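Shown next as structure tokens: one chain only, the form predicted alone.
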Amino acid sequence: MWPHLGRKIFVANWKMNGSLAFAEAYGTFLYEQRATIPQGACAIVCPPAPYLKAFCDAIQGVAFLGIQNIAAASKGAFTGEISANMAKDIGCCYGLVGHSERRHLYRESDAVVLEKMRRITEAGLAPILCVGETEEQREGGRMEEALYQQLCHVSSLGCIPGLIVAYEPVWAIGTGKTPTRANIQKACRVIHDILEAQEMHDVPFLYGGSVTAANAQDFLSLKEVQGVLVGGASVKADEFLAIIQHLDKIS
């Protein structure tokens, strides 16, 4: 059984930030503050790959480990790549895939994203699949089309145990802009309908995009949202903890 099932999900994506000392201190902080983490919360932290083991050792099981990126191949002559099985070996339970920065900076196509999901699933990890529209697509009224394109072939992978989908409108990532509650609810309904049409049921949805301790409660209070994917704000351990603690404020 996946640890996130039936719980609110909080994912920290440090991106390319931190150091060995930072990873150890962050993990130690969360471990020492474990009594303040609501029981209904599932914290998943995705440090840069070189610091996964150090963070895992420091956290001592209080949070779960995720990897930010894995190769589309399972092994072979792919210099610099990290396989999903390698991530599993060092304690990862989750694999982030399809993040907008990977799609846009590294030109990862939907086909590549699907292959990465395949590798993640084969290794026994749960994929956290990121989807979302650009500002151009949003302004052109093509949000539904963009989400459909990113999700319509997911069922081709067959059963995907533990799948989580994170809605992260590209125009809201790192910009300080956030969609309205109605925007997020509409996007979640679209995602739900696309997945249901593929007979993929009860998939938890996260919201990601400029999530902070100041606005997290607004997202978490939406019934369509089962958690948040936190980028920049997650680099500060105390702010990530404060975001998790908002769970206690939701009735």
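Quantities reported herein were computed from a predicted structural model and do not represent experimental measurements. We number the residues from 1 along the sequence you see.
Omitted from view is the form predicted together with a small molecule, to which the following refers.
A.B. asks: Does the small molecule get within 4.5 angstroms of any non-hydrogen atom of A23 in the predicted bound form?
C.D. replies: A23: no, not in contact with the small molecule in the predicted bound form.
A.B. asks: Going by a heavy atom distance of 4.5 Å, is N69 a contact of the small molecule in the predicted bound form?
C.D. replies: No, N69 is distant from the partner.
A.B. asks: Look up in the predicted bound form whether E101 has a non-hydrogen atom within 4.5 angstroms of the small molecule, and give yes or no.
C.D. replies: So E101 counts as contacting the small molecule.
A.B. asks: With the cut-off set at 4.5 Å between non-hydrogen atoms, does I9 touch the small molecule in the predicted bound form?
C.D. replies: Output for I9 is no: heavy atoms all beyond 4.5 Å of the small molecule.
A.B. asks: Looking at A172, M117, L147, I164, which is the one with a non-hydrogen atom within 4.5 Å of the small molecule in the predicted bound form?
C.D. replies: The residue in contact is A172.
A.B. asks: Any idea which of 69 to 77, 151 to 159, 102 to 110, 173 to 181 reaches within 4.5 Å of the small molecule in the predicted bound form, heavy atoms considered?
C.D. replies: That would be 173 to 181.
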